[in-house]
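Each of two forms of one protein chain follows alone as structure tokens, named structure 1 and structure 2.
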Structure 1
Amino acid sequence: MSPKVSEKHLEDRRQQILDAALTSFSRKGFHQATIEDIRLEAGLSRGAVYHYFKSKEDIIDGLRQRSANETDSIFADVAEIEDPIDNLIALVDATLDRMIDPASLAANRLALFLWGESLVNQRIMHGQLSSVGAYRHTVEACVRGAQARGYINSDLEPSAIALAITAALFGLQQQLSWEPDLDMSMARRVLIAMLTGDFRKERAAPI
């Protein structure tokens, strides 16, 4: 009476479906992509999809969760650095690195769809807000540290700074989704320059 298939098999199937859904949704959007598209992409039967996900919305939310987890993993890689500004830069770098990765193309497009979907789907919105919230919170912590050390103007509200930085990164993701050929490396330098104070003054010496 033990389950015929292992836990792992179950999880693999789930991921297989999520992968297919990512491809399908990225290609057509949530509402134009059908369960049929997904199941075809996954090479499964229609019923199989409903074995692993209760509904289409569940799949979307599954994708959102997976994406959030990947974002969270960025924190883990970054959170250890001592200097708050370096920490900030590392966070920005890691975020941009993932964004730029060709493998993230579909994920970037999915993000845009999720932004819109959030506005009309409380469940998705909840998940999203807690993700951005965590992100902004982490940035804010770095900012506070940087302000404490005099790296950043203390007249500026830490939460507002965190918002601005996060917004810039989100905005870059949007622009990149629209124009995948955009050169992000230059934009990254601009962001870093803004954080380090190299935006206004001429650089004294070449890097």
Structure 2
Amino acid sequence: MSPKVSEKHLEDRRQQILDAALTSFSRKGFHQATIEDIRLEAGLSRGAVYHYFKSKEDIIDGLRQRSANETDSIFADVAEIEDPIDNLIALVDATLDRMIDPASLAANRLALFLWGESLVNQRIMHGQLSSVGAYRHTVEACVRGAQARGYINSDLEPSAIALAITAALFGLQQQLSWEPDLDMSMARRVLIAMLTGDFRKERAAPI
């Protein structure tokens, strides 16, 4: 009888495959990268990969869930902040910190590849929209809290504000996928200024 494989070993092997897939997909794109590329990158047998994932879409789901777990951790930390504007700024800051981390280079490239693939792959599209929807929902909750305290113009639709903020962040991620060495510090400052009202300079009084 073969020895029982521990849960930790199974999870470690699964993460090994996901790491290899992230590298392969970010290098070649979802369409061009193959299961063979992934298993070679992982240093495993083809059967080992298929034991955990039946298709490339299954692997993407696994990568997306791993990313969602990391995002949930950010949400949990931000939720501890009482002031709704500080809450929103902390969420944007944490998201940008994650994007500019050198370890996120492959993830930024993969995100761009997946948005392209989603135009012709409904399963990928559904997963992408679900991920963005969850993030936008959290931003919207922050906005509603700030509006309730009079910090944000209540005439503006919360969902539209969340859409604009999320789109700005995804746009910055796209820029980073093209130019990984781009200095995002000033872009961060501008985005925060737009959220806090520091973007507009008061006109000097006429002499």
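C-alpha atoms forming the largest set that superposes within 1.5 Å between two forms make up the rigid core. All residue numbers here refer to structure 1's sequence, counted from 1. Here the structure is a predicted model, which is why all the values come from computation and not from measurement.
Here are two forms of the same chain; which is the form predicted together with another copy of the chain? Only structure 1 fits here, because that chain is the form predicted together with another copy of the chain.
Please report, in Å, how much the Cα atom of G116 moves between the two structures when the rigid core is superposed. Comparing between the two structures after core fitting, G116 shifts 2.6 Å at its C-alpha.
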